[in-house]
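Only one chain is given next, in structure tokens, and it is the form predicted on its own.
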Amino acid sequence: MEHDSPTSYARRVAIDPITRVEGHGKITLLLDDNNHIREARLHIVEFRGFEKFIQGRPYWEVPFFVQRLCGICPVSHHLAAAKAVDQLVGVEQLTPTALKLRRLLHFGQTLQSHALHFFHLSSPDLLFGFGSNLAERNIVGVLEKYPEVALQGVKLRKYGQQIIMAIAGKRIHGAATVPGGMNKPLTIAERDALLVDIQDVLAWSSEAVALNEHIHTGHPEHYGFATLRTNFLSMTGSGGELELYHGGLRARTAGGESIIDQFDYRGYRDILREEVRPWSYMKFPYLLALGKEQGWYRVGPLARVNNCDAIPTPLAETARQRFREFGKGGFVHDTLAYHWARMIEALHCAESINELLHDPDIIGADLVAPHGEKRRVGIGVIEAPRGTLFHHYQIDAQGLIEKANLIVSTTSNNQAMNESVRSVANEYIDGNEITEGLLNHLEVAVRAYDPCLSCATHALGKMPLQVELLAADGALVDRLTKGVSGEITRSV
């Protein structure tokens, strides 16, 4: 809910910046005289401008430029752009080897990103409690108290990065694709090296699912925390199965009713709109059929696991069934269940990697499909770790980029993150005093979505943070500051 009148609220709380997320953002809460939340806003205060500064560049350079958006999920941007470039050169079907190499690359990237988010950024909150001792509520504290869990997270991420290294030549910002295919084959030696640890990776991923199920089902207070009943959007395969690389768009209401299904993502402009608001650089997408007020939606692991009819790998499918049982056969709307769904996907990635490494096509040499008639428009969509990612390019007769439009996953979750913050603030703000625990409760709500606020790199919680409570006349009521080393001070 938003109110434009400056007299509709009495106090403003600002959290600037949010920690343990990617990029920089802040939260502001506007309160009335009874401390009820009148507005809750997540502001994205960085401006990146990728859509503008790639204009005039040759289309074949775009997959390498746009992956610089992010240091954690560059592969998603690389592959979404590559899918768009394939269309520009008239390629509808990749060779079997090229397609499977891209899928292997994407599974490796999703595995390492999911591992990083849960084990490094979110497990301190979930293992120790949102308001626990700040000194231990970090990855160092997890290493000291839960060393096996922390080391599994490190090893899972390392394994995903090894896959990226083998295919793209570098762990970050490599050169994997070419128009219509892949840059280099996977050698037998590289394949065999990846097979060495795959059984351990499967075991660690299974244990991560079990841990997250235990955490969520064992803490009933998590069920309603920042929880929303929303529409969900994701890609699914032709049979309704979970699909991370290529499929049709599926959107369903909070109750599970179909809005669209198997929709060709190249027509996304017919179903989605992006609203611009003056207080944030991040847009607010919505489903056109439902309008601005009712059409906002969530994407990412929670949307994908809810939306799909099955997961095409056995261990992850068993985990999905248990997830749905928790939802009594319907959708699970708990925002903190994002973590559980995220680890189910990590397990699916591990199983899929195992299958692909045993597929003889993966070490094939036929890497590039014949080019066809060139086109002026290419639209690539992929399920990035954080959700559905859109890359849309238009080129001129010389092959230079004329227009570009990117809808990143976090943008689609923008309204939901705002609403989750508002929900938590309504429940936990009490009087004028601001505590570090309150700060972290608000950040936990945002952190569950694994947002990439600038599509940059994850922060480990060491950024400074300041929250101020102001009276209606602007007078300072309270101020809480967290320094770069994590110490908390109060001053008025």
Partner chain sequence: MRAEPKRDTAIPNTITIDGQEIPFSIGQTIMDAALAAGVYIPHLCHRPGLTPHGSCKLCTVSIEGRNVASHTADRRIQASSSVEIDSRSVSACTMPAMAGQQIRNNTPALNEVRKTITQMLFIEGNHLCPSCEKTGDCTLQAVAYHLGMLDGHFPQLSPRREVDASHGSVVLDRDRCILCELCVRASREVDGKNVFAISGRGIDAHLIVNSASGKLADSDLETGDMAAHICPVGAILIKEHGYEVPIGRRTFDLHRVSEIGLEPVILAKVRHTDE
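Residue numbers count along the first chain shown, from 1. Computed from a predicted model, the values in this text were never measured in an experiment.
The same protein also exists as the form predicted together with its partner chain; that form is not shown, yet it is the one meant from here on.
- Message: So in the predicted bound form, is its partner chain close enough to Thr318 to count as touching (4.5 Å, heavy atoms)?
- Response: Output for Thr318 is no: heavy atoms all beyond 4.5 Å of its partner chain.
- Task: With heavy atoms only and a cut-off of 4.5 Å, decide whether Gln294 touches its partner chain in the predicted bound form.
- Result: Contact check for Gln294: no, nothing within 4.5 Å of its partner chain in the predicted bound form.
- Is Arg229 one of the residues lying within 4.5 Å of its partner chain in the predicted bound form, judged by heavy atom distances? Output for Arg229 is no: heavy atoms all beyond 4.5 Å of its partner chain.
- Message: Taking its partner chain as it sits in the predicted bound form, is His358 in contact with it (heavy atom to heavy atom, 4.5 Å or less)?
- Response: Looking in the predicted bound form, residue contacts with its partner chain do not include His358, since no heavy atom lies within 4.5 Å.
- Complete contact of His216, Phe225 and Tyr428 with its partner chain in the predicted bound form (any heavy atom, 4.5 Å): Verified in the predicted bound form; spot residues all out of contact, no.
- Task: Choose from 168-176, 306-314, 379-387, 332-340 the stretch whose residues reach within 4.5 Å of its partner chain in the predicted bound form, heavy atoms counted.
- Result: Stretch with heavy atoms near the partner: 168-176.
- Query: With its partner chain left out of view, which of Lys374, Arg273, Arg277, Lys155 would have a heavy atom within 4.5 Å of it in the predicted bound form?
  - Reply: Result of the distance check: Lys374.
- Message: So its partner chain isn't shown here. In the predicted bound form, which residue out of Asn183, Gln394, Asn405, Asn354 has a non-hydrogen atom within 4.5 Å of it?
- Response: Checked against the cut-off, the match is Asn183.
- Task: Residue by residue through 58-93, tell me which have a non-hydrogen atom within 4.5 angstroms of its partner chain in the predicted bound form.
- Result: Contacting residues: Tyr59, Trp60, Glu61, Phe64, Phe65, Arg68.
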